[in-house]
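Before any questions on binding or motion, here is one chain by itself as structure tokens, the form predicted on its own.
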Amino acid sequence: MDKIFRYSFYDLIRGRWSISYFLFYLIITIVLFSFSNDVSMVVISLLNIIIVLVPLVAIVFGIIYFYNSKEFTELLLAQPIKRSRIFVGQFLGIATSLSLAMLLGIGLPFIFYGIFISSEISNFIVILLTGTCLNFIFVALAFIIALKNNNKIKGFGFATLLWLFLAVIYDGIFLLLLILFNAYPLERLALGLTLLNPIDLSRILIILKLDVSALMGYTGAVFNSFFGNIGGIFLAALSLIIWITIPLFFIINISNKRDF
């Protein structure tokens, strides 16, 4: 698995995708700093870019890589290697390369502008860690979809719909429920629905860390009272880890049972 991981990682980190991804974040961050030298404003501006773009790129790139490397994967499957090690190694290679490109693209301009002597360093670290978690989560989801669908077009369609549902449609359903049942105590329901969506969970954690939860109104006060303490932060972090672990378990399970 280590050899497969290193091969996938080195192959991807030198590819056009990773270089373009790195340059995109590098240019965006430099442009944001050119508009404002306030580190906190740049961190807030990066919030929506990371929350929306990272999951989309991770799930699309994961799908494309899986289907494009199908012949190489079949060659590996013909060797005396456990199936789970092959797919987990590839998964780790893709997720790590995307995370590294994002971390370097965002981190280098922040280092140049003195993030280590800024009071915003903790917010900066939270955004990077959240983006890294989203990379691993959505690459894992992409592998699950690809393993379940041999048809490339169908797999790509399912991946796009899953991202659209979690990034846009889920929020609409969430808000509709809050409006329709606003006469009832919905604090526990709101918290539960948030933990079931990694994008929403990441967004709320960053917003609360940036101390702009007042923009979220009543729900912001509920989340702030819950996630603002140590127990809430621990539960949120545990939920993101579970969002990585469970899809990884499904990758292992499906790859062991599927007839290639």
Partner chain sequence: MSKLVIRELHKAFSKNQVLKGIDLDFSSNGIWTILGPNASGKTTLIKAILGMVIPDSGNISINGETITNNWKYKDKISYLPQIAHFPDNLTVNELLKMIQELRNRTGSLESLIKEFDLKPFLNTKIDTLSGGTKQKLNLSIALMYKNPIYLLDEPTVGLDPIAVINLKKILRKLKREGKLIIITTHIIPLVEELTDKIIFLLEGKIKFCGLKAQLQQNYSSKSLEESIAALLQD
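Computed from a predicted model, the values in this text were never measured in an experiment. Positions refer to the first chain, counted from 1.
Only in words, not in the display: the form predicted together with the partner chain, which the text now covers.
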Check: Honest question, do Phe174, Leu180 and Ala183 all end up within 4.5 Å of the partner chain in the predicted complex by heavy atom distance?
Finding: no
Item checked: Options 75 to 83, 120 to 128, 137 to 145, 156 to 164; stretch whose heavy atom lies within 4.5 Å of the partner chain in the predicted complex -> 75 to 83
Check: Even though the partner chain is not shown here, does Phe249 get within 4.5 Å of it in the predicted complex, heavy atoms only?
Finding: no
Margin query: Within 4.5 Å, heavy atoms only: does Tyr10 come near the partner chain in the predicted complex?
Written below: yes
Check: Quick one: does Asn68 come within 4.5 Å of the partner chain in the predicted complex, counting heavy atoms only?
Finding: yes
Next item on the list: Give, in sequence order, every residue of 115 to 149 that has a heavy atom within 4.5 Å of the partner chain in the predicted complex, or say none if there are no such residues.
Entry: none
